[in-house]
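Considered here are two forms of the same protein chain, supplied as structure tokens in two stand-alone entries, structure 1 and structure 2.
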Structure 1
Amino acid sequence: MSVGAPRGLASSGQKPITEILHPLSAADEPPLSPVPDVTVGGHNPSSGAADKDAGLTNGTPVETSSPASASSLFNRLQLDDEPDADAEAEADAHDPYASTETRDLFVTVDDPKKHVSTMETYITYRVSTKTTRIEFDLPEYSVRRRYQDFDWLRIKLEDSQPTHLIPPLPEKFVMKGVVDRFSEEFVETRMKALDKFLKRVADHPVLSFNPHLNAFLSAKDLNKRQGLALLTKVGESVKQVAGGYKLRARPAEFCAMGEYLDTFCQKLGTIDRIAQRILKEQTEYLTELREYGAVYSSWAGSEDELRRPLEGVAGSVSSCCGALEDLSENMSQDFLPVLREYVLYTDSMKNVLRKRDQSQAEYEGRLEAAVLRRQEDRTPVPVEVEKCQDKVECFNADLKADWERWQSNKRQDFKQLLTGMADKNIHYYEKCQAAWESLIALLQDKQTEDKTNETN
């Protein structure tokens, strides 16, 4: 079973993979070997165009020690040739979160396929990568991954980057019998969420360099690592419980974050309920509307002169029904899933806040113990305590950076989501208006036709 090409999710702006020319190749050239630092193989307008769209996720300037800076500098050089440079500057001027940094890692999730084996049936997705980063051996990859593999990646990221916010995955478990795991709609919705997840990771200045991501994107098969997945999940929960230190005071700025997240989550939940209610009302309205159109058709059957006009009305009503169907489908396929995913995203953020609290608590606990010891027998404060302090400061810095990025993403995503919703409603009304206007033309034509017949 294969679904058509996915419509782009409301994401930070990456183009689907098929529209992006490789930065170093012309349209049909085979993939090149590892990219040397300096050679410029000719500029590529579309990668520039892709960057122009986004221009906002990499909010924090990357430190010079980061491995990204070499290739980003290289790409910035390329941009000078770019005819759309003005457009990009303009985009940046409007968005305070935009950076001039170009992206050099593009990922896409598409092409779902069903696999049937004796043991189980599952869906795999194609994960395509295009990159100029030297961390990758090849500039392009195309692998197939299933949900389990995404889950594995997420766990690995959480473990190896505990101070960073890891984007959420769509819900793992679905109730069999309630939701059809292989229906076109479910698969498409899930795929979009996975695409979103991967793009967010790829956009992140730190997470995108994680070796697990590299493996996920490039390895022929991840099977060897699957076994560890379960173990690591268990290990993770054990770690959380074993914290043991109590936090005395959460700094004000993190308190504010926590409060914001709680309220935001609540509001999202309400919006979800409202949207669902609207869908329900629309569905019932559609049912009645269909019957309404049918009655006009029925009436037309017993009339002579009025047959065409009445059929016309039935036709207009029918067009409106079609338009309404499209609108409802859109809401349930595009709007609601994105909304729900943000709840998960918010939960992830809360989780990171908690971990930060824990690491601060640990530090304070150890510091207190060490100070007491020093007072007793002049033992100096151990290095571990200093390391803890570093860890906390690192955590705080990472968290703040991630927070800013999260806020910026959120703003962009919701702007896109809500604008999209408004657009769909506008299209719905435009279609309906057209249907009724064509009816008037029909009815009035008939009138003038009759008048001329009368005078003849």
Structure 2
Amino acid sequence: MSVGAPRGLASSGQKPITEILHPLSAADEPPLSPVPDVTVGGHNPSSGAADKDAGLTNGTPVETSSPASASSLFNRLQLDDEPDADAEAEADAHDPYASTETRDLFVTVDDPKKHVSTMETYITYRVSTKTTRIEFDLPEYSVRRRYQDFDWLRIKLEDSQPTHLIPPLPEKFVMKGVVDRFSEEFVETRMKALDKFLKRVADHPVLSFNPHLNAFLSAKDLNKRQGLALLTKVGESVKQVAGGYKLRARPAEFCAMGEYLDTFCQKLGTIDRIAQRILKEQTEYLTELREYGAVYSSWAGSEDELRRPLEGVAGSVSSCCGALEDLSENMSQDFLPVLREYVLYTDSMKNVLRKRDQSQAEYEGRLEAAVLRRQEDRTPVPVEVEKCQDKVECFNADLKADWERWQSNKRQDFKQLLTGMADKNIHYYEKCQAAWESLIALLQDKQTEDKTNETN
């Protein structure tokens, strides 16, 4: 969606834009009340206790009144050409993007293949699509894409849908603990991350209708020469207008989002560091354990009387090695990548928040300028001011909807992640316990056999 679209255009919010509280709409406040300034894209240090009270413990925003300064200016303009709310609601009702989660587009990323040429070596992945949407000419597609094609898609989505949260891609070159980007482990981990990225985009009620996604899924050859700029024309205009302007205050609900993201990212970083240390210690322990079992195997070759017990110990140690290897593999390939994905997710969400702040700053700047001109020569309100108001409303509605969707996905992902981690640890300890219990049974049989031989 273009940020400058009129307010009747589609939004991914669960309510029409006209029904959502405008971030600058506290009309009952006194005009131009003094409030602390915050830098665009930054955090307001003085929002402290009030902002924390406004947000829930999980970062879910609550509706609160917003700074009065800009809204008071807007009220002083006394606009008489307010659009009809019923007409806007009707327009939203007929919009295909206003529907709930779509289930008519299914995508899969699999079958990685290595390509070697004189100029470069790279990996491609098969992208399979099944759909019943009329935007596609065929019901099924199968194309091959490399990482830079996924990167192109994400840039185009950011470029054309600046009000929405775009899912993150895995890091381009080296993941933690992986050196060879052509290794089987690295390729498998990246393939899973790319598959998750594409599924998140395909399940989004707005992003899934983006024409660039259609081209990515269906075109044999992508034309990636155009539109690689990170900023849209709208984004550039926002940067120019809001570059030297400070927000009067970020609305409390979005302050709560920012504080939650900071805390969440910090916790993930701490867990990631500890998990990396545990993985390193497990790797070192696994090396020592293998050497430990080899000693018992060597000893059994020179001790006929103790051969069976010693071989039993070696077998138990070997079983524990296999269980520990599975546990470490799960941590490196399943647990750590999810942590890293959500660290990147928080960066993406913070980026959308910064864009929202820039949009609000542009609106406030243009509104103040319009008020000054109104006082001097009674000129009508420029259309740009209303468009800027629409931008802010679109940002707020889309950001709230994407925030709720992100929180829902996060809960599901971490429940699945922690359940899998618990199952893997249970399996590890059960396998180790079974290995040592089999050794006890072997030793008891050996003891019984020795007593029988002594009796005879």
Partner chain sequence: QLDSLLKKMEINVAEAEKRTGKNTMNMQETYTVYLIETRPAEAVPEGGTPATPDCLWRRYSEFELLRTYLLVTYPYIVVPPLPEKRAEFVWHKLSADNLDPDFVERRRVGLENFLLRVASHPVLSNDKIFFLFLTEEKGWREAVLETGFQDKVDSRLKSLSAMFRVKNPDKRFTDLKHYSDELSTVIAQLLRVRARVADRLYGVYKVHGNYGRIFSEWSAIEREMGDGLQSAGHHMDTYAASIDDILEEEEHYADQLKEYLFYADALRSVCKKHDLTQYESEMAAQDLASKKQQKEELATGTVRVFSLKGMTSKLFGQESQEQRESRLAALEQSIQEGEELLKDKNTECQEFVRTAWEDIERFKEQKDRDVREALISYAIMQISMCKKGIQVWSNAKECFNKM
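Worth saying up front: this structure is predicted, and the values here are computed from it rather than measured. Residue indices: 1-based, along structure 1. Only the largest set of C-alpha atoms that superpose within 1.5 Å between the two forms is called the rigid core.
Here the chain taken from the form predicted on its own appears as structure 2, while structure 1 comes from elsewhere. Both residue 103 and residue 212 are carried by the same rigid part as the chain changes shape between structure 1 and structure 2. Rigid-body analysis between structure 1 and structure 2: the smaller part rotates 13° against the larger, C-alpha superposition. Once the core of the two forms is superposed, the Cα of residue 288 has moved 2.9 Å between structure 1 and structure 2.
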